[in-house]
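Consider the single chain below, provided in structure tokens and representing the form predicted alone.
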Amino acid sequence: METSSKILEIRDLSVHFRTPEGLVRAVNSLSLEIYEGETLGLVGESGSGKTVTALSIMGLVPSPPGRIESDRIMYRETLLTGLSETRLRKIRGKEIAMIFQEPLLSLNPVFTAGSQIVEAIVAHRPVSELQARQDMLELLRLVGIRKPAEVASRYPHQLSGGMRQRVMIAMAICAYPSILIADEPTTALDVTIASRILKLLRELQSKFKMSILLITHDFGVIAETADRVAVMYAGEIVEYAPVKNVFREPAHPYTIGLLDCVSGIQKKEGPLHTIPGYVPDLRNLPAGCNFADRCPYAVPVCRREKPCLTEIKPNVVVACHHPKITN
């Protein structure tokens, strides 16, 4: 993305939660960038810290029990780290918007879909309620709803999963944000509807020149949508590279294992591969590499010393003492 401008930069983000059982280190020293017009995929197993990273960008980590520590989260020329809630509200939803993971839980059950979109429009744009309603209907058409007035009059529980997801997308883009964070946008949708939602996101990105942070555990979604990929494991980035590099020449053993687990991406025939072992306890992380106990290539140094993110080839960064490097 050398020809594009950097629109969001995160440096050394750590997010911890105090619980009765101890300090949970959900995200540790995470750094990444998003460029104008690109889609950055953030991929990893459930509990790897993907959603917490997104909530940190939005300033929505509950405190207490959460605590954000970061060198900086920079949006264009604005430092989001430490920004007051009043100033953050002017950016949240308008400049940076988010599609949350479960639409049925995110939408208010006692208000119609249309009224919730109207409320979002009025909150972020200086328009009358009449104009906001007209814009709401246009937004519903834009996200592929053929009978917008009918859908607008329904309550969330009266809509299908695909319809609810489209309503959430309409709310998220109502102020034409520069960055759209999509947290598992195809979860619980069947394959056909999921494909349509991804196609819709690509079309909206092209139309509004948005950057997208796409959070998922599905490498199939990444293959179809992303330009670059950041692979997360136990709260840390372990590989960061253009999407073609990750699929053709994965370098981190965890990335290799994830790809081997995906039906249709495997290069060899046979039973579906699984990664043995368990994700480490985030309250008691190991001294060395977080993946060492599950890694088939681990040696003593992997358990003693935490690997640093290192550029092993142009634009490919990996946190591994013995990454797989191909010519």
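Don't overthink the numbering: it's just position in the shown sequence, from 1. Since the structure is predicted, the reported quantities are computational estimates derived from the model, not experimental observations.
There is another form of the same protein, the form predicted in complex with a small molecule; it is not shown, and what comes next is about it.
For the three residues Gln205, Ser211 and Pro242, a heavy atom within 4.5 Å of the small molecule turns up in the predicted complex in no case. The chain is drawn here without the small molecule; in the predicted complex, the stretch among 294-302, 30-38, 44-52, 254-262 whose residues come within 4.5 Å of it by any heavy atom is 44-52.
The small molecule in the predicted complex is approached by Thr19, whose closest heavy atom lies within 4.5 angstroms of it. A residue is said to contact a partner when one of its heavy atoms sits within 4.5 Å of a partner heavy atom; Gln101 meets this definition for the small molecule in the predicted complex. Although the partner is absent here, Leu282 sits close enough that one of its heavy atoms falls within 4.5 Å of the small molecule in the predicted complex. When the small molecule is considered in the predicted complex, Glu184 lines it closely, a heavy atom lying within 4.5 Å.
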